[in-house]
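Take a look at this one chain, the form predicted alone, written out in structure tokens.
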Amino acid sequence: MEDKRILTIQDISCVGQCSLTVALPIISACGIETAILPSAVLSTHTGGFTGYTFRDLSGDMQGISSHWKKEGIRFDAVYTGYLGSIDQIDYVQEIMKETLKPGGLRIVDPAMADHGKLYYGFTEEFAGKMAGLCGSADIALPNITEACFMTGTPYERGPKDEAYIEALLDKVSDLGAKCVVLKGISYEEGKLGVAVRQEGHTSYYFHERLRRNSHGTGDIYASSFVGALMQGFSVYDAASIAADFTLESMKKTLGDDSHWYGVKFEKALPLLVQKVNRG
């Protein structure tokens, strides 16, 4: 199989095990050359830390892309995560247009919300713009909250039944995304998983549910999904591998209350390498 090169566009949170500080090592461990385009630099992530620094890099994104264009640099896929402003969504659309190879994949993780709420600094206007980016994607990777904000669906607290999830998948698909991987599905006590909607058909993958909320697991999931996908696994198999790896990363962190800010994905990388690399 021909070696692949991907570009991931998201922030650098210098401490906190999320965004580019997990995307780069995880996708690289999958054997995929990984280029980065930082959308912002933060001293830490915003979940639980106070007084963090933030530098918006919007002004650099177009210049970097222009240089790549002049050098003839192209990518087999562009994977986006946390974007800090509405303007950056427009920049990403243009960067995808300018740097993707013919047939290259657009993979969008609309990292902006969870547990029924938008992250700090995001608005419903941003969610509407993100809906357009997901609509242009080959694969969209929202959690339930993000899917609700993008489609104007009321978020129901507590368990969601299959009818609710299927309707939500319909709405995200109607935005235009060719494939949707919806995260955070649970129909049974003690089980958690994902729903993969592709060509009108929904497939589910479930695993053990840990009673622990951890920062950065969405980024860990999306990065390992991209790595597996670019190694030639199907969308469903990549979604399953990513779920298992994320769970293992969380298990490696259990019992260490001082490690509240993220999960020890580094200790689970041997599992991912074993599952994904094909030589």
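Predicted model, so just to flag it, every value in this text is computed and none were measured. A residue's number is simply how far along the shown sequence it sits, counting from 1.
Missing here is the form predicted in complex with a small molecule; even so, the following discussion is about that form.
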Exercise. Does the trio F233, I241 and N277 actually contact the small molecule in the predicted complex, every residue with a heavy atom within 4.5 Å?
Worked result: no
Seminar exercise, completed: Given 216 to 224, 57 to 65, 245 to 253, 28 to 36, the stretch touching the small molecule in the predicted complex at heavy atoms within 4.5 Å is 216 to 224
Exercise. Within a 4.5 Å heavy atom cut-off, is Y204 in contact with the small molecule in the predicted complex?
Worked result: no
Exercise. So, in the predicted complex, is Y82 in contact with the small molecule at a 4.5 angstroms heavy atom limit?
Worked result: yes
Problem set entry | A23, heavy atom within 4.5 angstroms of the small molecule in the predicted complex | no
Exercise. Can any non-hydrogen atom of Y119 be found within 4.5 angstroms of the small molecule in the predicted complex?
Worked result: yes
